[in-house]
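You are given structure tokens for the same protein chain in two forms, set apart as structure 1 and structure 2.
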Structure 1
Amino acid sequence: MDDTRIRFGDVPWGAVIRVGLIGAAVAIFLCLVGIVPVFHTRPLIKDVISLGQTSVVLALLATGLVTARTADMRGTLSVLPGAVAGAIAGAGLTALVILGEVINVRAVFLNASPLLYGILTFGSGIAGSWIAIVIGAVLGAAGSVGARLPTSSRRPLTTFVLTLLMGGLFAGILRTAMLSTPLAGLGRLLFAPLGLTIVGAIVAVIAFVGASELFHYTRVRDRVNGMAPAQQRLVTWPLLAIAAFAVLMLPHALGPFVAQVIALVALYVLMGLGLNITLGLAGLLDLGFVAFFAVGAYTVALLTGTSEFGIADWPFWAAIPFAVLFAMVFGAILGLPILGIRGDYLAIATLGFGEIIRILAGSDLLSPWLGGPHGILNVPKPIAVQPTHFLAGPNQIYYIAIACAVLIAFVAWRLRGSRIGRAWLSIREDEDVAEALGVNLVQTKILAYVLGAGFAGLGGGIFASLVGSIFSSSIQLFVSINVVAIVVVGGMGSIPGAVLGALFLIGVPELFREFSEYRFLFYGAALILMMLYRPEGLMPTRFAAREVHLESQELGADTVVAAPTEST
């Protein structure tokens, strides 16, 4: 019998028990992989709750939320299923504590330590192991209630949780930036060296929840769309000016570390926009995209470097056009042999090209010219300034990368709406039909590879100046996979999506380098959730979103029709 049919009243208790067991498994996993004990030293709100405790709280809340969406709850029993599922998840933690006292679990799981058991029982040992069950029931009930609230009430609660998390995680960066300004006293009041203060938590929640309600995106968008074009310009241009001013002042307000992170994000935006042409518009999957990035980086390093491998001692501004040009030449070299390859075979062929470039860059064959594994050092910054100058450090690369990203985004936007952009889209949908309609496949595909490679070469040239060196170890397959993930997560063919994808997949992990041991675990989990719940991307084009949802509806219709046939 299907356990979802085990009912008492209107509640499928089989489904409730299953969700509770899954919640217990997730909570135990967080404990045993070390997230709870390791993050316990990092406060979210000082003297109130740590990140380790927060991870368990979120797991138990999620258990109640999933239960509310799984079980058909009505009447007075509406909170009970979530409480039961949360209690089951808490019982899993209780079982872990009891088991750890009976046998040596640490022999297998190193993180199953007395510290972990103390966190789960609030320092009371095995005698307080029941506390996890009670807390699980309360949080499960709270998650269940939250899931059943109307959207207008649930949105501020969601904003509340995200605000606390973001405020606590970025408190150190914000506090450091404020200490060097007249707002130093306010910074100490709101932010502890690690995490929020209690006052900061209250202020952050009130400010952000109020702002989210006052400036809710949907309401603002609908109101602006209802204005006349002249009124829309009066609203949008001042906002764009404020945003531009904020971008210009950001490195001076938040420090060189944030400037370097955003510069790196901008470089990935350049590569994302390049692959957005090759993959997002033309549908040509390229897993060797890092090769064009490497060509641009080595070109700038060779033409501008002052080490023994420097060949021209050119300024950055003279070298960067050649970096783009040589990358475009390599794009044509890659495109010509693989014009007739499609699908998975195309991905494998481009992967091989990227690996060839990586191996050659680090080989003894080219080491007299490229430095082999030792790389090329002493790549100068584009502008020589004093250390006290406002363009010193990563700031000038920040401005150059942002300017190039804006320029390339404009070029990509114009290309997407042009005749060649429509030709790329037709190739992505069906090559045979596109050719029958008069699209020159050879010319159109080569142009996609060449332009995409040029954008990546520009990013590579700026990267060499940002870091001041280039090594063969920088040419990793993971760079190409990152760029593909940026395009897919942001939305295939979407220019704003490429920017948003780079912010989430490159910027956020870079800011969380203090959690280097676990940040890619969260990175992978976020990608899985993204593909499950928003496969069209964070900011897809209308065409791509309609295409994904249409396929899902067709799949659902096929399933409904096929079900009676299978049962008969």
Structure 2
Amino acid sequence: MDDTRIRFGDVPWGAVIRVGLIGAAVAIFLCLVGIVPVFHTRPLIKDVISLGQTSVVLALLATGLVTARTADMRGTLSVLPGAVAGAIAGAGLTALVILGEVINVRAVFLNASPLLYGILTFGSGIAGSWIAIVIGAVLGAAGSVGARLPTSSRRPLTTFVLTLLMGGLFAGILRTAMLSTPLAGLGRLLFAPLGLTIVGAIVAVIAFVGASELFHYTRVRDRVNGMAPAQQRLVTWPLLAIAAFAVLMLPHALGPFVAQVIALVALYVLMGLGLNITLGLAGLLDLGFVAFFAVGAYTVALLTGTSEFGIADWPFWAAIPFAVLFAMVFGAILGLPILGIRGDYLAIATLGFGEIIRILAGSDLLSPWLGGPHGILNVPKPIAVQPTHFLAGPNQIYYIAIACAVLIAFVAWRLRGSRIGRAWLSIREDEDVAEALGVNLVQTKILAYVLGAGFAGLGGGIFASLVGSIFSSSIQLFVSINVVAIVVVGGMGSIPGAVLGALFLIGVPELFREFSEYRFLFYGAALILMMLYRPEGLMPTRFAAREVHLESQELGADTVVAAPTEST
């Protein structure tokens, strides 16, 4: 028997066809839902490939990759299953084009437009509809090769793809930033207003793939871990200082639009860290975060506002503690009766609270006090400065939000390591057993809930000041969903996860208009995929790390057995 030759009959063709059909379904979905045509307007590499085309390319590559995993064939013709599955997926697109020629698909699906067909056939009309099959076969084969590569050669490929994606996305922003500096010429060379230039793509790929190979993460980590503690500090502290400096300079480097966006990102980092306590540590799914956000926002607006609704002319700094306090009181009043109910009902009840607050804020009943849909205007900034000042506009909000986020992270970290944090985690893991071990459920939950509410109020107060106004239309369910998505995608209970989650889930859609149309589609997919594959999140907490030093102090193994000490 010849092991190196693939035999036609050995291939599990049923599975291959199934993967191919799923690939076709995904590709057609990307087209009809509008991602392909809408993202086609944003080039990744100018005049070479658009983001819309990239999405199809990735789907076809993934088809090949999954096929190779499903039908694990070796030998010279081992790419055959991947190519077939890829061709089937591509054929789905061909079928879409032909179908579009025969009947008016657009009567139902808005995106089944000539523009879409043009993208799929490279402008050659129905005659070019077969191109998709060929491309599908090629990419499917490529994907299945990729799946079989050893990790060492797959890593640079992954870096390659990620570099192009990131570079293409942020090219415009980087270009704008560089144009006002002596690097303007370089900026024009590497970056187009939208997407990388060809030169830029080559430079970026060489730089990043090279760098990631030279300083590979695990190798660096192993090296650092191998050092003596004093040496480690010598490496980590300067790095931390550089990171801190970069975080502080960020709003000045990239222009006012980006400054506004990252102020919002910082605000969501803050709120994500707040919900991280409620949801991440204590496992309470709070879908009514926006209710406390609203309490905070309206408190600040009313207490500082110079409009007709203002009831006091306080400075921001005097109002914000009250925003937090009211939100906490509110959280206690709502939380006390509902925290006794079971977890999934809690989610619905809090969702109900959020909706009640949203409707009330916009109702005629409360509009004499809260301004209803016309809102409360003229909420002052915390610090009054000239427009050209270092702290002008959103920048001061950014710094305030970052400071608050650091504070919350600190609080969360300290609590996590205490009796209270352990009680929260135990409730999240199994609240019945936790109670049987002497943990008072309502008391423990209410603390998490009220702290979360307080941080939501803080976020709301800062938001009112950032925007300079508060309208009932700002009080929406999506505020709650944003924050929940940040916590879940980042990893429940993880502090860096919340930061990362906010950057991706808030920053990217705010920076790029195309994304903001599809942000909730993406959130939905992300929530499902996270639960299916990584329920512990992208950056899960390492629970055990802290105990290391205690265990190392252990006594000898055969110490006399000691009875538990009696409590006094």
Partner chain sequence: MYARVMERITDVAIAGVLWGFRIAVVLLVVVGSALTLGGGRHSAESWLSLIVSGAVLGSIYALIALGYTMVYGILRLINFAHGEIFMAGTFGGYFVATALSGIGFLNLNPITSIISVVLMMAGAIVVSVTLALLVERIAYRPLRNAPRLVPLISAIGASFFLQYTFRGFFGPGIYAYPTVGILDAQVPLGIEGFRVKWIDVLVIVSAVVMMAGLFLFVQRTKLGTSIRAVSEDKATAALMGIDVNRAIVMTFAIGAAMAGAAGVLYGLIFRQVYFFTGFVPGIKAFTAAVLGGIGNIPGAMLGGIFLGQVEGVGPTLFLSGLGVPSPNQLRDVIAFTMLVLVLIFRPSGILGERVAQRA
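Note that the rigid core is defined as the largest set of C-alphas that superpose within 1.5 Å between two forms. Everything quoted here is computed from the prediction, not taken from an experiment. Throughout, residue numbering runs from 1 along the sequence of structure 1.
- Query: Looking at both forms of the chain, which one is the form predicted alone?
  - Reply: That would be structure 1, which is the form predicted alone.
- Message: residue 463: after superposing the rigid core, is there a C-alpha shift of 2 Å or more between structure 1 and structure 2?
- Response: No.
- Item | Threshold 2 Å Cα movement between structure 1 and structure 2 at residue 426, rigid core reference | Shift at residue 426: below 2 Å after core fit.
- Would you say residue 180 moves between structure 1 and structure 2, meaning its CA shifts by 2 Å or more once the core is fitted? Yes; that C-alpha moves by at least 2 Å between structure 1 and structure 2.
- Query: With both forms put on the same core, how far apart in Å are the CA positions of residue 47 between structure 1 and structure 2?
  - Reply: The alpha-carbon displacement, core-superposed, is 4.6 Å.
- Once both forms sit on the same core, give the Cα displacement of residue 192 between structure 1 and structure 2 in angstrom. With the cores aligned, its C-alpha sits 3.0 Å away.
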